[in-house]
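Presented as structure tokens, the chain that follows is alone, the form predicted alone.
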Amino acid sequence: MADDKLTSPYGLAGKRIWVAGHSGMVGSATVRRLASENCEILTVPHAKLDLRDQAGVGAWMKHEKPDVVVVAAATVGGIHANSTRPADFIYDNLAIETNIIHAAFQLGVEKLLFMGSACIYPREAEQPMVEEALLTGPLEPTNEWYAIAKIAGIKLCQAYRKQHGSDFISAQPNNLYGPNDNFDLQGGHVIPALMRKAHEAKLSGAPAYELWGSGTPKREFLHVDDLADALIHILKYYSGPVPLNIGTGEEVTIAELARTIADVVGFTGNLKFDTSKPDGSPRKLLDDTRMKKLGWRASISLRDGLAETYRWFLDHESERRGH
């Protein structure tokens, strides 16, 4: 690991940095964080460039000549989307990462950072999950299509590094939340879904709001602005083949999370657990030892992050309703 930490940081000042997927939660947070780095940020909307189009991606990159690429673009979704659209999840993500990474190699891009996901690890991986657990066991069946595509992206970066010496690196965060999240009850992940449920229960005066499962599974949650800060740190200080875990090192039960969300939202009723629904894995915690050795750790507490996320939700909910 010591060999992979850069003794003098890679300078971002004056660089042309393309954030692929700039309108998503991770991409938009990365753009916000890069604003203080005195660099030129490149973005392109989906309406102008379909990242699944190899020729289009190659031509756009050749014209724009980025020095650095952050691959935050992906087709994403919850369990329902993953289980009903497996072909979309594996094809779209393979196409996006293959097109960008190969074009970056062809153009001699100085540095590329690929965004993986904690779902790359085996379903039964020992906790906390270390980077070496990758490919040591079967994946979680509900998101294996997405996970396999993400693993392929990590392996692409390792392959171009090994064969061509390309400075292509990867990192994977645990469960993310924050501004620009998806608060749709059907497609959203646990924090935005629970936040909307608590908000609507508060507005309707309901006596309780319902959660799937027993509330006992433990999960780790990372604010997307912490992730963006970690990505910039990695760009500056890391060059190695190992895909780095990015997390807080802390976990909470789903019940504890739901109570904190209720408190933040101002819902004073009870929690109701639907134990007929599945719990999922009992724990999903990343080992963040490598990031700590690299000199980075998360700084946004879960409660503060949830409060900020709820303020963002309220602002955008009023806009959505035309107020």
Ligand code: GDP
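None of these values were measured; they are calculated from a predicted model. Residue numbers here begin at 1 and follow the sequence given.
Omitted from view is the form predicted together with guanosine-5'-diphosphate (GDP), to which the following refers.
Colleague: Can you confirm whether 251, 297 and 302, the three residues that make up this candidate site, all sit within 4.5 Å of guanosine-5'-diphosphate (GDP) in the predicted complex, judged by heavy atoms?
Modeller: Looking in the predicted complex, the three residues 251, 297 and 302 all stay beyond 4.5 Å of guanosine-5'-diphosphate (GDP) (heavy atoms).
Colleague: Check each of 232, 130, 94, 193 and return the one that places a heavy atom within 4.5 angstroms of guanosine-5'-diphosphate (GDP) in the predicted complex.
Modeller: Looking at 232, 130, 94, 193 one by one, just 193 meets the 4.5 Å heavy-atom criterion.
Colleague: Consider the chain as shown here, without its partner, and state which of 219, 123, 236, 199 has a heavy atom within 4.5 Å of guanosine-5'-diphosphate (GDP) in the predicted complex.
Modeller: None of the other options qualify; the answer is 219.
Colleague: Based on heavy atom distances of 4.5 Å or less, which listed stretch (67-75, 153-161, 243-251, 207-215) is in contact with guanosine-5'-diphosphate (GDP) in the predicted complex?
Modeller: In short, 207-215.
Colleague: May I ask you to check whether residue 50 falls inside a 4.5 Å heavy atom distance of guanosine-5'-diphosphate (GDP) in the predicted complex?
Modeller: No, residue 50 is distant from the partner.
Colleague: Does residue 278 reach guanosine-5'-diphosphate (GDP) in the predicted complex if we count a contact as any heavy atom within 4.5 Å?
Modeller: Yes, contact at 4.5 Å.
Colleague: Taking 4.5 angstroms as the cut-off for heavy atoms, does residue 79 touch guanosine-5'-diphosphate (GDP) in the predicted complex?
Modeller: Although guanosine-5'-diphosphate (GDP) is absent here, residue 79 would touch it in the predicted complex, with heavy atoms inside 4.5 Å.
Colleague: Residue 188 versus guanosine-5'-diphosphate (GDP), in the predicted complex: is there a non-hydrogen atom within 4.5 Å?
Modeller: It does: once guanosine-5'-diphosphate (GDP) is placed as it appears in the predicted complex, residue 188 has a heavy atom within 4.5 Å of it.
Colleague: Judged by heavy atom distances of 4.5 Å or less, which residues of 129-157 approach guanosine-5'-diphosphate (GDP) in the predicted complex?
Modeller: Only a single residue, 143, comes within 4.5 Å of the partner.
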